[in-house]
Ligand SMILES: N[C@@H](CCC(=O)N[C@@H](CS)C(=O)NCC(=O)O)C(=O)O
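The data below hold one chain only, encoded as structure tokens and taken in the form predicted alone.
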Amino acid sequence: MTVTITAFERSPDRGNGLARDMRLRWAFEEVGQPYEVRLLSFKTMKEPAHLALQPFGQIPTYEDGDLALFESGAIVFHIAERHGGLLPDDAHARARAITWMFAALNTLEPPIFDRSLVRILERDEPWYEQRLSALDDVIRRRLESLSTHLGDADWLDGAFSAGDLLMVTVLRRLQGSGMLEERPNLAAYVARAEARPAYKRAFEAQLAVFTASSTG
């Protein structure tokens, strides 16, 4: 039975590969496993059938027989555990890769995602500039730490792993902000990941959904 994931029928990211189903698509492409996609409208996401899979009414979800999962990081971890290619065999290296998965989602993503929301939802509020500046300061400090760790390496800890996959999907939200360009090794790190054939296949698959919804 082929795994089924859910994704936006009309993604707010306009095909830029920022919606979180991109993480799952990329993971499946990296490990060479097929998957099917069930597209959902915003209305359907709040209906009982989907809430039974994802209590918070979001995407993506993962269904494999009688196993249903939600939260993109947990699903990527499950994919990496089941199939070779995203987690090292060495126990210590594996633990470090998992640590980077958590770092991407717990340390880097919250202020970066908040920044995206503030720029959309709070632009007309009197506190907008102050709020954005505070978030930018936090993000820059964390990027500086990440840049120092990465140095001249290609990936965060040896070979490409699920830690890199999640980290890059988080960092891509900063493209166009100038903050990645301030640290050339991070900009190069993201570009290196985007050049991976598995990433390109996943990106094209997500873009095709947006293109179809725009012309349909």
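In case it trips you up, residue 1 is the first one in the sequence shown, and so on. Everything quoted here is computed from the prediction, not taken from an experiment.
Below, we refer to the form predicted in complex with this ligand, which is not included among the displayed structures.
Between 119-127, 95-103, 70-78, 141-149, the stretch whose residues reach within 4.5 angstroms of this ligand in the predicted complex through a non-hydrogen atom is 70-78.
For the candidate set 176, 32, 57, 184, a heavy atom within 4.5 Å of this ligand in the predicted complex is found for exactly one residue, namely 57.
Candidate site formed by 160, 172 and 192: none of these residues places a non-hydrogen atom within 4.5 angstroms of this ligand in the predicted complex. Interface residue remark: residue 25 is not counted as part of the site for this ligand in the predicted complex, having no heavy atom within 4.5 Å. When contacts are judged by a 4.5 Å heavy atom cut-off, residue 46 counts as touching this ligand in the predicted complex. Although the partner is absent here, residue 202 sits far enough away that none of its heavy atoms falls within 4.5 Å of this ligand in the predicted complex. In the predicted complex, this ligand lies within 4.5 Å of some heavy atom of residue 20.
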